[in-house]
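Coming up is one lone chain in structure tokens, specifically the form predicted on its own.
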Amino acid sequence: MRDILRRMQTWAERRLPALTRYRRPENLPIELHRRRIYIVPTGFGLGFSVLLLVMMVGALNYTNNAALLLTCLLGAASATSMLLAFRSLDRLRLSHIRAGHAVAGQPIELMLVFDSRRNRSAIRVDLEHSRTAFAIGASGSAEVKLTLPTAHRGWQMLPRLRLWSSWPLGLFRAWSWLHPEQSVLVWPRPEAAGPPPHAAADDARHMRLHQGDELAALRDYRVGDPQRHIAWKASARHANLLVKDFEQPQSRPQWQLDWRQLPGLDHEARIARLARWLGEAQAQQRNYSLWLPGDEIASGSGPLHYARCMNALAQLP
């Protein structure tokens, strides 16, 4: 059966290239041209055509030149609207696609960038259940925001896009399909609740030190210590010089998130728990590191560090 379907597809691509050529993914940029734009009358256009036919029959029957001239003018206007609908898509180019961030089950935002050498109006783009309209002015480009539903983590191929327009009179609809060869990365969904991570930095013996402004303790003098930190009065009562130590334990110890700390969970459950820990660390503005099979991310913080860690989780096999 598969061989028969493959032969039929090969025959269709050879005999009907305009219908099957653009169902396969294409590299950006994608430019529309006359061989990939289709035009059909709308429901309103069909009703208008019937009206013109009735008007023409009446004008010929009653030999009414004014009615016949009006019918011809309306027919010419409808033919012109078909040409304008075609020109609204002709030479339109999709140059870039940028994707935002979203966890599995939430829609991800896409930014489509269209370029054109002339002004265009009332162009609509459909992506599954998402639809929006845009126009291109003197700037020569337009950015269009769409949302794509997601179901699972990892790379997700973009579906086909449909561009269409019924401008200016709504009598004809011109449309074309775009299938960009691009994927978006969907982050894993964090688990709803669970235990906090075990960080070795929570132990006082492993707490990192930083320079503080308040006196923490007195310690023995080490070569290189500044003289202004020497506690002269305390040193007079001891055999060795004592130095004021201003190093204090860091108030927010870093988290060490490790795949190997979760031996009792299955593969996806580990990913969900690490995703929750990453979200909590980001919300608490902590420093954290992440160890994954084949990838080790050093300690850091901030939105870029969080995105890097979530991207690594999303790409796990």
Partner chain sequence: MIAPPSRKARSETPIDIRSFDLLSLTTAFVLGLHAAHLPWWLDITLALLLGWRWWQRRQRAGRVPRWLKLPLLMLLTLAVITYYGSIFGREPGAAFAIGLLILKLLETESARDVRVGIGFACFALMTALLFDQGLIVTVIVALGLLPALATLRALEPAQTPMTLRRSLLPGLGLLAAALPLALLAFLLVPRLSSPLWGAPSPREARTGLSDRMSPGNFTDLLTDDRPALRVSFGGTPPPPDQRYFRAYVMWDYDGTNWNYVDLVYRAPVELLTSHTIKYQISMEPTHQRVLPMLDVPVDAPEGARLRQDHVVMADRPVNDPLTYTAQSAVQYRLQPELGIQARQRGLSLPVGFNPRALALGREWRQRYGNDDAAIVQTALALFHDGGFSYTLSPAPLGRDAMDDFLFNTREGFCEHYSSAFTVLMRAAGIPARVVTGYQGGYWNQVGDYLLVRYSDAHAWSEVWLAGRGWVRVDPTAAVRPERVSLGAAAAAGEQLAWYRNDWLQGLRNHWDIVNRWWGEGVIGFDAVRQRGLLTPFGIRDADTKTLGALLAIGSVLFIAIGLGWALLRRQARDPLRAALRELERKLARRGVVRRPSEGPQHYLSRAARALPGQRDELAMLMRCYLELRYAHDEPPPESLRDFQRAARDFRVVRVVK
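Residue numbers count along the first chain shown, from 1. Everything quoted here is computed from the prediction, not taken from an experiment.
In what follows, reference is made to the form predicted in complex with its partner chain, a form of this protein that is not presented.
Heavy atoms within 4.5 Å of its partner chain in the predicted complex are found in exactly one of 56 to 64, 287 to 295, 273 to 281, 260 to 268, that being 56 to 64. Looking at Thr147, you'd find every heavy atom of it more than 4.5 angstroms from its partner chain in the predicted complex. The shortest heavy atom separation between Arg124 and its partner chain in the predicted complex is within 4.5 Å. With a 4.5 Å cutoff on heavy atoms, Asp245 does not count as touching its partner chain in the predicted complex; it lies far away. Contact check for Ser116: no non-hydrogen atom falls within 4.5 Å of its partner chain in the predicted complex. Contact with its partner chain in the predicted complex, judged by any heavy atom within 4.5 Å, is made by just one of His179, Arg91, His229, His96: Arg91. Taking His152, Arg160, His238, Arg131 one by one, only a single residue has any non-hydrogen atom within 4.5 Å of its partner chain in the predicted complex, and it is Arg131.
Shown here without its partner chain, the chain has Ser166, Trp167, Pro168, Leu169, Gly170 in 151 to 174 lying with a heavy atom within 4.5 Å of that partner in the predicted complex.
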